[in-house]
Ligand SMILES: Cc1ncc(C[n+]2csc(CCOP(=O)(O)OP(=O)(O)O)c2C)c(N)n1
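In the block that follows, a single chain appears as structure tokens, in the form predicted alone.
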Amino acid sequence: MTQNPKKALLIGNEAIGRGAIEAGISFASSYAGTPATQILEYLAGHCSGQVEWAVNEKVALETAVGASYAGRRVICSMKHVGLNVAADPLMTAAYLGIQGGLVLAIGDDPGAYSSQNEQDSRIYARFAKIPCLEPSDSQEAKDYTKLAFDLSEKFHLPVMLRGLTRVMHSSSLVTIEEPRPENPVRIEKNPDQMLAVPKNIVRLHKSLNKKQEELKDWVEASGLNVVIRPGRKKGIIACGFANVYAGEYGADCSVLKISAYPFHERLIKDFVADLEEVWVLEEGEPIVEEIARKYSSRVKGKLSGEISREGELGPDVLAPYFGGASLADKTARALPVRPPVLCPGCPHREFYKALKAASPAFTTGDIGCYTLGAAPPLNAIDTCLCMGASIGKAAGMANAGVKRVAAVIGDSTFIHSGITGLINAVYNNANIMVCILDNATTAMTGHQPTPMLGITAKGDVAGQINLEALCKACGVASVTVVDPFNHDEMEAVLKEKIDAPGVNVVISRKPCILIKRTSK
């Protein structure tokens, strides 16, 4: 008599981590970013292999590629905007190929719940010419992760697993299986394949292009893209998690569930051929919809305005057209809007009070929980662009003639991509004040350790970086450390440094209040 398989209730991120373990990974790397953070956190607590928080997404992917070259199976995870940072190695890794399976788990954030844009990572997969799998629940997240490793090793390509906030943060039952053995270490030197130099590139690009039709054949044979309830008059093409939304109102429709890319366009052509009406549901850009419109004039979706191109689809997207009651109609009272705020007792609050008193002409902000200083009642930040941009923007303004410019950046963000901006500011003689808010953690994404703490993802002792010495090594002559709760000193230092020539770094150092509460 066989035993019942073990079940566990997992969020999508945990399911991806479990799938990676069952696939026999030896290495995992990531930079924390919602909605993908919990993938590496789960692996840190459950994987016997090496698990690393990298200083940024580019480094995370580069170390993952290195581990793959050693023959090992590797997962690298990040949020969608982190993929911008990692795009450089990704594009060339597709040319050079990999050895051990390499899965790139991306968390897209339609609706921008915790992000600065709503970009669609499927476009990156198409751009890099690599496969992309898109799960719709936790079980598929686990299964597709395992499948992605096999696919990666079959075609010697990185494989993208595109998750969405709804999938990655929603819980559903997952079947737990035993891990397969890890790949042994295997080094094979092959300069003609592994060197990205001009004499190899055109040939490697040709090989990559040739793989595209083979990938489409694999997707077709996999059965991941499947027609549900054929023969109806209306149809819905539902990509990834949108299949769940199709289930809300699509009981009388044929549904084409899309879970894998690239695919032969005849899949779409055959599906739409006899349908009186076709709706395309996909989070992000109308990638599949554009294909559907090539083969039918009866397509409805984002390009014709029935569905908004901005924000998250949500379960109610079809309600006005299919006669159902929306969630808002079913709810007696709408939920109140609850924008994020700085925590009570947060040291950043005290820093911003002092900064306001120093009255900089302009304050460039950065990405982190300190970005919330832009909100009332503080209103202390004037701009926020992307990770590490505060210092470069401040230097640009100063060198364009603006006086008394301050840049605000967090300790983790400074390590991520602020160092080069600081060096550039010193090199080009910018007159700016750079404020590094050191709260001893990566707070906004869940209190992951930073290189300044000397603690790994698994809690082991690691190398430790001295922030003051690092700033001085970048050429900064004036580096001042202040406790933001010492208000008078902080205000005096900021008022002095905002008018001082050259690049002046002020480090506001106090642990996050949540870290302080849990310390013994």
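Predicted model, so just to flag it, every value in this text is computed and none were measured. Start at 1 with the first residue shown and count on from there.
What comes next is about the form predicted together with the named molecule, which does not appear here.
Visitor: Which residue, D109, E134, E283, D411, has a heavy atom that falls within 4.5 Å of the named molecule in the predicted bound form?
Guide: Residue within 4.5 Å of the partner: D411.
Visitor: Could you work out which of G100, G235, G82, P158 is the residue within 4.5 angstroms of the named molecule in the predicted bound form, going by heavy atoms?
Guide: Going through each option in turn, the one that passes is G82.
Visitor: Contact between W279 and the named molecule in the predicted bound form at 4.5 Å, heavy atoms?
Guide: Answer no; every heavy atom of W279 is more than 4.5 Å from the named molecule in the predicted bound form.
Visitor: Find out whether any non-hydrogen atom of T445 is located within 4.5 angstroms of the named molecule in the predicted bound form, and reply yes or no.
Guide: Taking the distances in the predicted bound form, the answer for T445 is yes, it comes within 4.5 Å of the named molecule.
Visitor: Spell out, yes or no, whether the shortest heavy atom distance between M387 and the named molecule in the predicted bound form is within 4.5 Å.
Guide: Contact check for M387: yes, within 4.5 Å of the named molecule in the predicted bound form.
Visitor: Would you check, heavy atoms only and a 4.5 Å threshold, whether Q116 touches the named molecule in the predicted bound form?
Guide: Because a heavy atom of Q116 falls inside 4.5 Å of the named molecule in the predicted bound form, the answer is yes.
Visitor: Quick one: which of 295-303, 376-384, 141-149, 411-419 gets within 4.5 Å of the named molecule in the predicted bound form, going by heavy atoms?
Guide: In the other structure, the partner sits against 411-419.
Visitor: Suppose contact means any heavy atom within 4.5 Å; which members of 25-53 contact the named molecule in the predicted bound form?
Guide: Counting only heavy atoms within 4.5 Å of the named molecule in the predicted bound form, the contacting residues of 25-53 are Y31, A32, G33.
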